[in-house]
Ligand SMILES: Cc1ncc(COP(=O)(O)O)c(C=O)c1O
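Okay, here we've got a single chain as structure tokens, the form predicted on its own, with questions on binding and movement later.
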């Protein structure tokens, strides 16, 4: 990109574009970073700089950039039928086929699929479905929602209220009443000195206490990310998720698995709910469903809940683009790639262990407090050096240095989150690790 075009694009961006999750003033002082192209795990920016994407876009580009199979499927569907809704007792072939594929793959009792445009919409839809289902079964008093600290469930009014990150809730004067927070099993940041399993057990006890205090008959559901992604890659300790699931079941509280990040192979299985035998009543998905090529999310319902709606008549919920045929075509091609290349199996048996072994070498670095991960997702907790003035800013500083070193990772508070595409090669993991090493050394200097 020539300098004249770059200057004009940055001017237009500053003038007209409000970026999500961005400090616009700070960004425009430096100039917007513009990506021009991508292939595999590599992006090319406006300067021609080659960047290894260690975050898969935003946790989503699991099959890598530039997959012609998805591009061709989208072009073919656009030529054949660019759009028709699933309202009016009508739908399209790709929509039906994606729903059937997901219902066949989904764990446990999940057998119906409602399409949305994002993970936020999937969780908002789950909330409405839960309220309606409790009304159908004569339990309208069950309206409160349980989530955990450090959780992330979206950016709608209700889904932000479920999100346990103050930087998401406080600027908007949220959460709304009725959204209850219980502790996440984040032993490292707890300050208790407990090990992971002991702290997880304490979290279960505290969750049980909140349920009893609020009254189980007032609590509708608990939304749970099996691995908490945007909150800092918080892994569940042994026994924690099983105990949490049993607690919800005992109190007639629906268990919603938010698998927007964890579904489709990132942990080395198709769904994290299978790994921990969660048997969710509902599941929400998005991101990896199309590898981010087009927006598509979904709320998966147990057959029991779906059949109650079908018996109740008219279902008055939906979006204009629910089950849009073009993203559905992208999803079908994406699922084909996942199956043909067995990417979940590759993560489980090959690239996941290699990735975790490489990152584990940083555990003894003087600036590292903890390295944790599973499959192709990981976090490096940073010990904040004196040169970083503001608390909870070491992650952002380290992520900026990492870009200068040729990789993209995410800074969250005082940690780095890493989640590359599932197609990353061994030599690319080596490159990622080498750049992380240089980043840590520069952060220390």
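Remember, it's a predicted structure, so these values are computed and weren't measured experimentally. Numbering follows the first chain given and starts at 1.
Beyond what is shown, the protein has a form predicted together with the named molecule; the following relates to that form.
Of the listed positions (134, 118, 169, 322), a single one reaches within 4.5 angstroms of the named molecule by any non-hydrogen atom in the predicted bound form, namely 118. Of the listed positions (232, 94, 154, 375), a single one reaches within 4.5 angstroms of the named molecule by any non-hydrogen atom in the predicted bound form, namely 154. In the predicted bound form, the named molecule sits within 4.5 Å of a heavy atom of residue 225. The named molecule in the predicted bound form is approached by residue 261, whose closest heavy atom lies within 4.5 angstroms of it. Heavy atoms of residue 287 reach within 4.5 Å of the named molecule in the predicted bound form, making it an interface residue. Exactly one of the stretches 145 to 153, 332 to 340, 233 to 241, 74 to 82 approaches the named molecule in the predicted bound form with heavy atoms within 4.5 Å, and it is 145 to 153. The partner is not shown here, but in the predicted bound form the stretch 123 to 142 reaches within 4.5 angstroms of the named molecule through a heavy atom at 123 alone.
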